[in-house]
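First, one chain by itself in structure tokens, the form predicted on its own.
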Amino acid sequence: MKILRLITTLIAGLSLVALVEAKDHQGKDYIQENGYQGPATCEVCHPGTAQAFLGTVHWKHASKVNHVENLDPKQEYGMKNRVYTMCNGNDIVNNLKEIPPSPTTGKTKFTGCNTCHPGNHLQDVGSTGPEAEAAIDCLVCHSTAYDFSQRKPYKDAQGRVAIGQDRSTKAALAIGKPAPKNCMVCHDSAGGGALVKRGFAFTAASDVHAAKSMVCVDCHKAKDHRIPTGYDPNNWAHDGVRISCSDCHSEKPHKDADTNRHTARIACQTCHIPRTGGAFAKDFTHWEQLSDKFYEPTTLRKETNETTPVYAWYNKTVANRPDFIGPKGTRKDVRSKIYPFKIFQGKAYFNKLDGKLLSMDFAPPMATGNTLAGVASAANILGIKNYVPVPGWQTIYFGSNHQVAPKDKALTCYNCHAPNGSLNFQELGYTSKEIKKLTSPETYFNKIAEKMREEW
């Protein structure tokens, strides 16, 4: 995919000034005297950390999953082995590799879904033992002076594909908690390009947390390198720790009692994240040739703040079928709340014999545009012998959990309660009688009029 080129572009666009200044580190003198020797240097003060990190999702790219239907509870799932139509591949079939030369130009390049894995690829996703511990790229997350241009694939003396690392003393002396730059180099580019997958930008102009100079790990506070995650229906693997708005905000965060009543059945995100962006459709059965003569799947996308969410009941368990991945929940389910989602639709090949989604090795179509060759290669890697590829669509609901708008940009009474408002009450399970009451001006008129008078 475009991941390597896009990461380079993203880095070039980021500020040269570190967003979070590294505080003086207690090991600074030791590093200046001895240089930086990778995790072995970190272990002088943080013994056992490298071994513990090998058990996290950031290293394994998978975990046991207990909130998604139709999964084996004894198996681990994640980027390592999942296949769905945002990516249509995984670390197994799209491990870091050199693609075949383009028939047009004769040029080749490296590709791989696990380009962002914090190792050296020689010690890969899920690897364990002393060599794996020594391969961890601690500074890619913790240094505000990391030279990301050094994190590029190359072939070693034995001809093996590896990922470079910046292990310079300069980078090691700039150790601190991860800045947005450290996180977003990978998370911005997930899904094949900057802002493609979830379509949010973490900038002062687009998120109130960024405007307050907060950083990702202020909310995603790690414990033993286990990063808390939210409940995006598409985000399966997790470290066993979760995050929600109520971790920092109370269940009744508003001064107005009427507004506070809404929090019982409406998620904070519904009112406070009114827009998103990113890809809304992608076709893996048809790849387009780009200016560099390599091919990429046809993708339809919008910029940040261009996409209006779809709202649905969600009880934090996930429906998982070949044609659909999304929220489970109903109005009658007291565990459910109304949440906002970005709908993505992906076209790929399914196996006519069992209805399952087929994975794709991106190397063949990237070089030639031959998508069926990519399916055949992936089937060979996975040991799938009997399959009949047929094109089909899968719908995915991506949770809107970032890009929190300023208070004056949040949804207010009339956004939902006026006719043709943001919420489709009929689809959410309300009766005609209830809808008539919910969309009557009596519901919101006086409150909005009073607010307008205050602004005068």
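As the structure is a computational prediction, the values presented were derived from the model and not from experiment. For every residue, the number given is its place in the sequence shown, counted from 1.
Below: the form predicted together with a small molecule, not depicted.
The closest non-hydrogen atom of residue 275 lies beyond 4.5 Å of the small molecule in the predicted complex.
In the predicted complex, the small molecule sits within 4.5 Å of a heavy atom of residue 36. Put simply, residue 436 is far from the small molecule in the predicted complex: not one heavy atom of it is within 4.5 Å. Put simply, residue 55 is far from the small molecule in the predicted complex: not one heavy atom of it is within 4.5 Å. Highlighted residues 75, 281 and 342: none comes within 4.5 Å of the small molecule in the predicted complex, counting any heavy atom. Between the options 129, 103, 355, 253, the residue in contact with the small molecule in the predicted complex by a heavy atom within 4.5 angstroms is 253.
Of the residues 92, 219, 379, 145, just one reaches the small molecule in the predicted complex with a heavy atom at 4.5 Å or closer; this is 219. Of the stretches 103-111, 356-364, 293-301, 196-204, only 196-204 has residues with a heavy atom within 4.5 Å of the small molecule in the predicted complex.
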